[in-house]
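The chain below stands alone, shown as structure tokens; this is the form predicted alone.
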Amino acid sequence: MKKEDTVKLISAEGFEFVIDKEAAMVSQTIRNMLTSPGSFAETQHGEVTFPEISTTILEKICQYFYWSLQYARGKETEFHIEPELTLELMMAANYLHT
């Protein structure tokens, strides 16, 4: 896979998730960051840092992006969310418009 086909999402702790750009585009916020005209660092480097989102939550978000793509293609499966992650995950989802 080519570098331009992937996006690097960086958590508050500095952990890096390299995911398919198509998956990242599930988030309207990330889509806007990566496709906005101008010389934004996110657009140029294909990476987005989330200083307010923990590694655990960002990992779950990345899993959701891939699940959402599969769901849109007709593969209906459950997406399990651990109860202890619910509040943080809802706040991050609200920010990311997912």
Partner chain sequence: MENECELVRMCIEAACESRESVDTWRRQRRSLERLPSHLADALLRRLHRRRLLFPALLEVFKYSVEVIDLRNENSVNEEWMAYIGAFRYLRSLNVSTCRRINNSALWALTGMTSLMELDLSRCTKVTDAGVKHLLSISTLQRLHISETGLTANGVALLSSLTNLSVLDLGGLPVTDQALSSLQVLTKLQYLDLWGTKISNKGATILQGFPKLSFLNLAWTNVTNVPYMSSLECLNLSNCSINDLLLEGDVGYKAPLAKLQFSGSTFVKEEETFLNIETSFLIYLDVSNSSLNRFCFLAHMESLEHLDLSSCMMGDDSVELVACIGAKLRDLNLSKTRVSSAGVGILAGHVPNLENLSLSLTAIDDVAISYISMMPSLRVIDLSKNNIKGLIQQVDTATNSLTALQSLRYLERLNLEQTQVRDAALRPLSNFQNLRHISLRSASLTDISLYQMSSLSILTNISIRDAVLTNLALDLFRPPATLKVLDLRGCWLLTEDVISLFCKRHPHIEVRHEFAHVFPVQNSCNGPSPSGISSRTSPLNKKPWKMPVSQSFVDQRLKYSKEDLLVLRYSPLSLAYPHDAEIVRTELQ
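Positions refer to the first chain, counted from 1. The structure displayed is predicted, hence computed values, not measured ones.
Another form, the form predicted in complex with the partner chain, is not on view; read the next lines as being about it.
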Is the gap between residue 19 and the partner chain in the model of the complex 4.5 Å or less for some heavy atom pair? no
Is residue 66 close enough to touch the partner chain in the model of the complex, meaning at least one heavy atom pair within 4.5 Å? no
With a 4.5 Å heavy atom cut-off, would you call residue 24 a contact of the partner chain in the model of the complex? no
May I ask you to state whether residue 9 is within 4.5 Å of the partner chain in the model of the complex, using heavy atom distances? no
Those residues of 69 to 97 which, in the model of the complex, come within 4.5 Å of the partner chain by heavy atom: 71, 76, 78, 79, 81, 83, 84, 86, 87, 88, 89, 90, 91, 93, 94, 97
